[in-house]
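Below you'll find only one chain, the form predicted on its own, shown as structure tokens.
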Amino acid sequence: MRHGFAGRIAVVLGTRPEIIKMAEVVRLLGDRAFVVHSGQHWDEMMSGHFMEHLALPQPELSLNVGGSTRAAQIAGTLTGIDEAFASDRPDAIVVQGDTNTVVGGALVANSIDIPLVHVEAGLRSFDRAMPEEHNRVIADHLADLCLAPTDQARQNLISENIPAERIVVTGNTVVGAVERALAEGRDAAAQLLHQHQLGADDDYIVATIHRPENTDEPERLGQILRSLQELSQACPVLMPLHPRTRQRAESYGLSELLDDLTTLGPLGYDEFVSLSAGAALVISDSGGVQEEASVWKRPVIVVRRSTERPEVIGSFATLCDDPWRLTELGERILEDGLQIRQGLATVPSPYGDGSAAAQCVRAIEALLG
């Protein structure tokens, strides 16, 4: 392990999506990069497994902020990094996305005057009820370099008076991550389908639900699960079940609604991507899934009140803010499934051609001179 932070670039990560999206950036930075892990998600399936699978080095600085409140996670990340860099400062801090880890990393960069790079800058849901909206706005306005995935994201930044010279449009690193996963995960996905006695592609639905807006309201979660149960009568539903969702279903007395679904434990990223790439329909409240669908070329119903990824709405994704409409929307997509999938196969991803990681690295190098 290389010791010392001076002359290097800190890549601050805390959750599974950050690890996946930043893996290629870390690899391209090579010895200049070192990983700081906040511990916002830390177990072998949510973080450790992915770092090993993606051939990333183990973190040189690990914190332990998981399992606490949002404020405590931000404060713990800020304090831990601040103490580590007090006498041995890196050349830059890089954060990605909209997590509590991002805010902690951004605030410490600002407080000790280290250049801050925000990857996936400029996303906006315009929904102040979303904690992630506040996180991404804070990071963007503190950043010395905003790496926006699309022209729409760039325009959002410009409209907030962030100087154009601090913005570079790079595409989204998720495209390259999905392409890599599709190349490596097909066998695992096929084995999973065989295990659950499911046949060829287009014969099943994949569903993931985990966001607080859906899991913390008993009536809303109950209706989502009832809709999935109803759709399962026409097409089997595979549901990788987030621990929060399982716990909430149990505490609300909704567990029986899971009985007609094929619930799965946590999946590897390659396995999940390849499984979704063969689905007739994906139903999710994940932001990343909306982006990934533009590479899988499969339709997604986004079960949320708002989205920060409008680029895919109306093509790869349909926003369903009312779960009482979910069954109807799902049945309609399944009925026209072949025509929809054939149409999507020719639609390019709005997130670029897979070169985003290389473009991010070039922009970071230009910032640092």
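Since the model is a prediction, treat every value here as computed from it, not as a measurement. Just count from 1 along the sequence shown to find any residue number.
Below: the form predicted together with uridine-5'-diphosphate, not depicted.
Engineer: Using a 4.5 Å cut on heavy atoms, which of 266, 80, 115, 222 is close to uridine-5'-diphosphate in the predicted complex?
Structural biologist: Checked against the cut-off, the match is 266.
Engineer: Give me the residue from 210, 297, 89, 226 that has a heavy atom within 4.5 Å of uridine-5'-diphosphate in the predicted complex.
Structural biologist: In short, 210.
Engineer: Go through 269-277, 145-153, 214-222, 80-88 and give me the stretch that gets within 4.5 Å of uridine-5'-diphosphate in the predicted complex, heavy atoms only.
Structural biologist: Single hit among the candidates: 269-277.
Engineer: Does residue 232 reach uridine-5'-diphosphate in the predicted complex, with heavy atoms at most 4.5 Å apart?
Structural biologist: Residue 232: no, not in contact with uridine-5'-diphosphate in the predicted complex.
Engineer: Check whether residue 20 has any heavy atom within 4.5 Å of a heavy atom of uridine-5'-diphosphate in the predicted complex, and answer yes or no.
Structural biologist: So residue 20 counts as contacting uridine-5'-diphosphate.
Engineer: Though only this chain appears here, would residue 289 touch uridine-5'-diphosphate in the predicted complex if you measure heavy atom gaps against 4.5 Å?
Structural biologist: Output for residue 289 is yes: heavy atoms within 4.5 Å of uridine-5'-diphosphate.
Engineer: Using a 4.5 angstroms cut-off on non-hydrogen atoms, would residue 236 count as touching uridine-5'-diphosphate in the predicted complex?
Structural biologist: Flag for residue 236 set to no.
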